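Next up: a single chain in structure tokens, the form predicted on its own.
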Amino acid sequence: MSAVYALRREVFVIEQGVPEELEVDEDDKIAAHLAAFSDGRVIGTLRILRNERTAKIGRMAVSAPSRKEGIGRELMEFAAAAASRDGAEEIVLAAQFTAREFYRKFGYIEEGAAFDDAGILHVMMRKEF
């Protein structure tokens, strides 16, 4: 987990300017964490929280040198398969506004108005199985 947290810190705190105290939260204790590895290093991660029939994906991060190599796609596909296998009927996520098109490729649809989260514009997105 220390490598997962290090990657998230690199992406969210250092690159995107998210306040460090907001990056790790209580949900980390109860979430399932996925990690992608290359040469023994964590190069991608996300977490999944379950609430009855809904799975929530969050904290999706891929290291800068590994972007555009399909790591995010593989994480999202694995997360959706795992959520479905575990009985989820839908997945929700708070997408950074600039990443909406990435999530649309997996069938996620925007819901509601854009909102600020840690100084970054987001929108909720949903995918039903």
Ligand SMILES: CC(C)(COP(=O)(O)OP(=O)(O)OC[C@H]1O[C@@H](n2cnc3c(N)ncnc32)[C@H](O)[C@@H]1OP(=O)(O)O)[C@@H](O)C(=O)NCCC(=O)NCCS
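As the structure is a computational prediction, the values presented were derived from the model and not from experiment. Residue numbers run from 1 along the displayed sequence.
One more form of this protein, predicted together with the named molecule, exists but is not displayed; see below.
Proximity to the named molecule in the predicted bound form, taken as heavy atoms within 4.5 Å, picks out 64-72 from the listed stretches 80-88, 27-35, 47-55, 64-72. When the named molecule is considered in the predicted bound form, Phe12 lines it closely, a heavy atom lying within 4.5 Å. Shown alone here, Val92 lies farther than 4.5 Å from the named molecule in the predicted bound form, counting heavy atoms only.
In the predicted bound form, Val42 stays away from the named molecule, with no heavy atom inside 4.5 Å.
Shown here without the named molecule, the chain has Ala94, Ala95, Gln96, Thr98, Ala99, Glu101, Phe102, Tyr103, Lys105, Phe106 in 93-112 lying with a heavy atom within 4.5 Å of that partner in the predicted bound form.
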